[in-house]
Every structure is written in C-alpha cells, then in structure tokens.
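Okay, so we've got the same protein chain twice, two forms, each given alone as structure tokens, structure 1 and structure 2.
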Structure 1
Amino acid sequence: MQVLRGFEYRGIDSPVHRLDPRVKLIYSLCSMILVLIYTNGLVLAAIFLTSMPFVLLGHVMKRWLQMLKGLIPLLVLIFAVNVLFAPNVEGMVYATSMTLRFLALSSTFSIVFLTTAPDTMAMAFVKMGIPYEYTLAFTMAVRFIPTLARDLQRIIDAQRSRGLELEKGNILRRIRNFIPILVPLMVYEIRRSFQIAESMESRGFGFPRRRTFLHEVKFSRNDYLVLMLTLMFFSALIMVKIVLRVS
C-alpha cells in the first residue's frame, strides 16, 4: 500500500512540479541506463542521492519516505535471495549492489509520478510523437494505481469490521483469508472499467484525428538547466565507465 502511494500525484506549486515532464522523464531514463550498466555500490548510491534535490524542492518528502518504507520487504528479499545463492564476501557485495540498484530505480521513477500530473504527462507524450491512445492507456494506469490502493484499503477495513482476521494462521490460511478481499475488489474494478468506457464513449473518444489541448507544455529556463545538469552527470558517468572501466 505504501509503495503504491509513490505513484500518487498531488498538485503542489513547487519548482519540481513546474518542470516539463519530458525533463523528468529524461532524468529517469538516464538514471535507469546508469543503474543497469553499473554494479558499483558507490555509484549506485550516488544515483540514488540525485533524487534528493527533487524530493526536497518538490515538497514530497513524506510520501517519498512512505514509498521507501513500503519497499523494505522487497529490498530485504532481493538481498536475501542474492546472498543465498552466493554466501560469501563477493555475494554480499553483489547483493548490496542489486539492492541499491532496485532502490535507485524506484526512487528516480517515483519522482516523475509524484510531481507530474497525468494530464500534463499525456501532453508531453503526445508532443514526443506517441499516439494518444497509447498515452491515454499509460496515464490511466498510473492514475488508477493510487485509486486501486484506496479501494483495496476500504475493502480491507470493511472486511475487518466484519471479523475477518488477516494476520492469524499459517501461510496457507493467510492466503485463503485474502479471497474475501480480492473478489469484491475485482468486481468493483470491473464495474469501474465499464463506467470509464461509457464516459469515454459519451465524450466522443477517438472521433477527432488531431487533438487539441487547453494548455501547452514548453521548456523554460529551469527546464534547460535541469536537462543540462542531467546530461552532464550522465555523460560523466558514461566516461568513467569507458575510460576507467569501473564496474
């Protein structure tokens, strides 16, 4: 539930929220490339720390920390599985690198979703030449992840008020206890999907070939500055990888 809150956007007037979505996407993609080509723990930690200015300037520290807190079980699992297959010093180092890799990826991409409105992201994708149908599918998926989390929490609370105990029993018993939660959740979301389809049809979705928007996204001076710093950091680490052959 806390991990899903890392995808929840809230409108705040901050320098990060005002950045062009394309700049934040480029930052996330550059970070992803660096995370995938590096296994050095110090470099991965540095990539993770690059998200801190965005978190502080975007005033999303609380929800960002909630997202990281929700990732703890996954981080522990990634570390434990890697150590299990290589129970030595090198295995410990590799497990730490894999854990930092997942942490850095989650942190950098969370910045995009926490500070970018779905409608603004859709406009940015259309500007990049992506068909609006694919853009709508992606933005709706991102928008309804927090909605799904809220619906799930409401159903859990309702079932607990009726006496359902999720934490008692062995692992099989606990899995069985989630059936009264998953069934109403699926029914509720299917009903929601029909409502969305009817709403889109009533608004003539797909009729005009070329869409227009009330607001346009365009680069500002801060966008160019952040983009330049991102590309400089990306290029520097690529050069370190090629010249110094850092793993």
Structure 2
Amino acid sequence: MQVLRGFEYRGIDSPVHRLDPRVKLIYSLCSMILVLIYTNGLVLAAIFLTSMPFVLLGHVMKRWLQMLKGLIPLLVLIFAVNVLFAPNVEGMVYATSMTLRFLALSSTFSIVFLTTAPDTMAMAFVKMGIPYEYTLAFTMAVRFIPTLARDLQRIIDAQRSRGLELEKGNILRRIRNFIPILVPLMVYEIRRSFQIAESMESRGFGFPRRRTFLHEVKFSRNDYLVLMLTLMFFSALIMVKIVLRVS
C-alpha cells in the first residue's frame, strides 16, 4: 500500500506540477527506452538520477522516498533471483543492473503520477488524439482507487467482525478466506459503476459530438526547456550506445 502512495497525486503547486503532462510523459518514455536498452550500471544510475531535479523542484521528496521504501522488498527479490541464477561476480553485476533498471523505471513513472492531476493527464491524452471516452475511463479509474480502498477496508472490517481470520490456515484455506472479501467488493463496485453510468447519462454524457474544455493544456517556456533537455539527454545516450557500444 505504501508503494501506491508514491504514485498518488496531491494537489500542491510547483514548477514540476505546472509542466505540461505531455512533457512529463515524453520524459518517462525516453527514460523507459534508455533503461531498457542499457545494462551498464553507471548509465542506469545516471538515468535514475535524472529523477532528482523533478523530485526536488516538485516538492515530492517525502512521497518519492515512501515509494522507494515500499519497493525495497521487490528490489531485494529481483536482486536475489538474479544472483541465484548466476552466483558469481558477473551475476552480481548483472543483478545490480537489473535492480537499478527497475528502480529507475519506477522512479520516472512515480514522478509523472505524483505531479500530474488525473484531469490534466486526461486532457493531454485528448490533445494527443485519444478519444475522450478512453481518457475518461483512465481518469475515473485513477479517481476511484481511494474509494475502492475505502470499500475494501469496510468489507474487511465487516467480515473480521464475523470471525473471519485472514491469516489463518494453510495456503488453500487462505485463498478461500478471500472469497468473503472479494465477492462483496466485486458486486458492490459493479453496482456502483452502473449507478455512475446512469448519473452520467442523465447529465447528458455522450450527447455532444465535439467536446470543448474549460481549461486547456498549453506548452510554456519551461515545457520547451525541459523537453529540450530531455531530448538532448536521450539523443546523447543513444549516440553513446551506437558509437561507443556501451552495453
């Protein structure tokens, strides 16, 4: 759960929050490509460090660290599994790279989600030509994560009050223990989604052919600056890959 908090948007204001979501998406896309084509630990570490200016300028250090802390078990697992398959020095180096790769990947995505309101993100999607219905599905999914978490907690509370012990029994029993939690959750959320659809239709959703927006996302000077830096960094590392043949 702590990991999720590292992806949850909070409405604070900072230069990073004000950036056009498209720029942030391009940044994380570039990082993703780089992270996937490189296995060199130093380069991966460098890519990971490009998160730092965003984290600092965006005032999201606390959440970002929470995310990292939550990732620790997963990072340890990735490292351990890789070492297990190649228990030598090379294996250790490779395992370190894999761990760094995952770290860098999580960090860039965390930044995008931490500093971009779901609505703004949706607008960016619309601008990129994605149909509004799909972007709306995205924003609503994000919007309902906390609601879902709250419902889940209530259901767990109710069933524990009837003597359900989640931690009890062997693995089969433990899986069975989740039925009284998952059934009400699914029924409840499906019902809720019908209600939302009805209330949206009654407010005219789907009627206008062409939607207009109250606020529109626009590129500012900072957006061009960050975009330029990102693309420079990206092409430089691509060059390094091609010319110097760094792994």
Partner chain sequence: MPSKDIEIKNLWFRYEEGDWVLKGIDLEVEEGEFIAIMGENGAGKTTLVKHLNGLLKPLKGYVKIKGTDTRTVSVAELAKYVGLVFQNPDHQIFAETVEEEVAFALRNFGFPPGEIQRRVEEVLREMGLSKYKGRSPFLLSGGEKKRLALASVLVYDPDIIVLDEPTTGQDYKQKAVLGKIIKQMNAKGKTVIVVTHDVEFVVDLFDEVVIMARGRILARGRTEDILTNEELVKKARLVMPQLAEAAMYLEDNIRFKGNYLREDNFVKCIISALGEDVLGELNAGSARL
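This one's a predicted model, so the numbers in the text were calculated from it and none came from an experiment. Structure 1 provides the reference sequence; residues are numbered from 1 along it. We call the rigid core whatever largest set of C-alpha positions still superposes within 1.5 Å between the two forms.
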Can you tell which of the two structures I gave is the form predicted on its own? 1
Core-superposed C-alpha of T120 shifting 2 Å or more between structures 1 and 2: no
Is M32 one of the residues whose Cα moves 2 Å or more between structures 1 and 2, with the core superposed? no
Using the rigid core as the reference frame, would you say N222 shifts its C-alpha by 2 Å or more between structures 1 and 2? no
Could you tell me how many Å the Cα atom of S193 shifts between structures 1 and 2 when the rigid core is held superposed? 3.7
